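As a starting point, one isolated chain is supplied in structure tokens, in the form predicted alone.
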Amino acid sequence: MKKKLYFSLAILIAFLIVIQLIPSKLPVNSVVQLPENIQVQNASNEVMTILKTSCFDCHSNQTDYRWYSHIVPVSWLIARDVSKGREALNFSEWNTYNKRKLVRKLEDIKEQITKKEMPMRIYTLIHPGTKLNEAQMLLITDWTDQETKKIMGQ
């Protein structure tokens, strides 16, 4: 029984070592170091701090790839999540969005925050400081409401 267990562990370890040779394709960050330079239109310093802390790793071109981001298979999951996150919303491109797209993004942000779907639970488990409390959620949703009204001319 012990031999089978040791053999299985050896196979698992060998497999984990071998898959490290498969390159992971983490989304590329901007050449210019941003987050401090990204300014989301009409967002207060408080809102910007929350966005940078809880959103920018997946929703900007300035992902902080920590050490575990380069270890397969974790890197595959991170690459997928960051790619999907940037596709859905990219704060690095915020100022390029037209009014219709901005309103849609603001509505999406509000919905995701209200439903507590963002930041993702797996992300907040690994990075507890990114979890939004009620006051932060209210700040973000108030900002999205105000911005939507300004864009719509109300």
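Everything quoted here is computed from the prediction, not taken from an experiment. Don't overthink the numbering: it's just position in the shown sequence, from 1.
If you look for the form predicted together with heme C, you will not find it shown, but the lines that follow are about it.
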query	finding
Residue contact check: Glu93 to heme C in the predicted complex, 4.5 Å heavy atom	no
Glu46 within 4.5 Å of heme C in the predicted complex, heavy atoms	no
Close approach of Leu26 to heme C in the predicted complex, 4.5 Å, heavy atom	no
Proximity of Leu132 to heme C in the predicted complex, heavy atoms at 4.5 Å	yes
Heme C in the predicted complex - contacting residues of 51 to 79, heavy atom within 4.5 Å	Ser54, Cys55, Cys58, His59
